[in-house]
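A single chain comes next, written as structure tokens; it is the form predicted on its own.
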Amino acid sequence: MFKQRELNSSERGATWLHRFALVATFSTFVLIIAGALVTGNEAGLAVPDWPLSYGSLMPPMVGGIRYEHGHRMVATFVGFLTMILAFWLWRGESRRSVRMLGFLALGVVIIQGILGGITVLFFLPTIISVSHACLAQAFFCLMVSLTLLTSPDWRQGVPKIEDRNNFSFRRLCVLTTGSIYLQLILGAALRHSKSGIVFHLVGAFAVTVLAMLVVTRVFKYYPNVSSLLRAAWVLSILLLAQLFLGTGSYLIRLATRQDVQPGLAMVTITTAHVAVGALVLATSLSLTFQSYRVLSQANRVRRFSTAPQKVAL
């Protein structure tokens, strides 16, 4: 009875840890949107000092200040959540790799805050601004990983299915996720330098091809692996939305290139483009994790029949 109580207490602790990681990840997504609003409204220098804002903790929230200082407030909140999560993992997580991942996330969010300060103090240098945007996406990936790894379902074992394709599906997922991240780097360079549209378009084509290969593979070979199928459906929908938003962002920039200040339509579309891009990356990363969880390389497990295998995840 005593052992059962200990087990139930441990399970409840793990559940609350996962919920907290989920809240921190959602807050990170909100932070990405807040950062995109700063760039979209060209409010990066609305507050000229750092770490304070006009020498205070709460300046008047008017004009571009509401975006820049609002971004700082959300960033501070995310940093606080990440610190709690890292120490919670250190105390309550048995897997060393997950504990280390939590402290890596804490280190990244600290560096991210410093980069944010440098962008202000040195008047938005392109290389620092792009690095700040790219590190934000990397940090989001870390938080998504922690949320996935702390989930109750992830702790349960699942039967392995052999990956019999000539080019490993797992490797294809890694390649796709890497290409999406590279595309986000190109997008950040385009937003902050107003150049490089050709590279971004080429990257969009490459990402679309790779993502559709991943989705097609899942539908063809793993239709009964629920975790892969769900992620594939979400990835395909998000990719389609991202292509529409990317086209709309390009067209509206052409239509409003003579405007002195960015309009509401352009800010909305470009911000949505950044946000959906982050979700595409997170979904591809989740699919990659799931592929390594449920698939095994050839000759690593016994061969199953050619009929689709039912794996409830």
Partner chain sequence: MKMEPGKASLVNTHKILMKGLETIMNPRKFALLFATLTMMLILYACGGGEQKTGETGEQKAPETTGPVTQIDPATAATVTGKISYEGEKPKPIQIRMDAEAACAALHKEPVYAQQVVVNGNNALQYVFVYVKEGLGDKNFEISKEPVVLDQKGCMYHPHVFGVQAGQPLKVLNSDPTTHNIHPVPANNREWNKSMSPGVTPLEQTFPREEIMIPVKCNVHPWMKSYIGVVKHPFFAVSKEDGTFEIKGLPPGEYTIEAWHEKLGTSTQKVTVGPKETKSVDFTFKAAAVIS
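Remember, predicted model here, so these are calculated numbers, not experimental data. Positions refer to the first chain, counted from 1.
What comes next is about the form predicted together with its partner chain, which is not displayed.
(Q) The chain here is shown without its partner chain. Which stretch in 57-65, 22-30, 279-287, 241-249 comes within 4.5 angstroms of it in the predicted bound form, by heavy atom distance? (A) Single hit among the candidates: 57-65.
**Q.** Output flag, Leu45, Ser97 and Gln258 jointly within 4.5 Å of its partner chain in the predicted bound form, heavy atom basis
**A.** Every residue of the candidate spot has a heavy atom within 4.5 Å of its partner chain in the predicted bound form.
**Q.** Contacting member of Val130, Val174, Ile161, Ala206, with respect to its partner chain in the predicted bound form [4.5 Å, heavy atom]
**A.** Looking at the other structure, the residue within range turns out to be Val174.
Q | in the predicted bound form, the one of Leu101, Leu213, Ala75, Ile185 near its partner chain [non-hydrogen atom within 4.5 angstroms] | A | If I apply the 4.5 Å criterion carefully, the residue I get is Leu101.
Q. Counting only non-hydrogen atoms and a 4.5 angstroms cut-off, does Pro51 reach its partner chain in the predicted bound form?
A. Taking the distances in the predicted bound form, the answer for Pro51 is no, it never comes within 4.5 Å of its partner chain.
(Q) Quick check on Val234: any heavy atom within 4.5 Å of its partner chain in the predicted bound form? (A) Answer no; every heavy atom of Val234 is more than 4.5 Å from its partner chain in the predicted bound form.
(Q) Residue-level contact is defined here as any heavy atom of the residue lying within 4.5 Å of its partner chain in the predicted bound form; does Ile111 satisfy this criterion? (A) Yes, Ile111 is a contact residue.
Q. Within a 4.5 Å heavy atom cut-off, is Gly70 in contact with its partner chain in the predicted bound form?
A. Contact check for Gly70: no, nothing within 4.5 Å of its partner chain in the predicted bound form.
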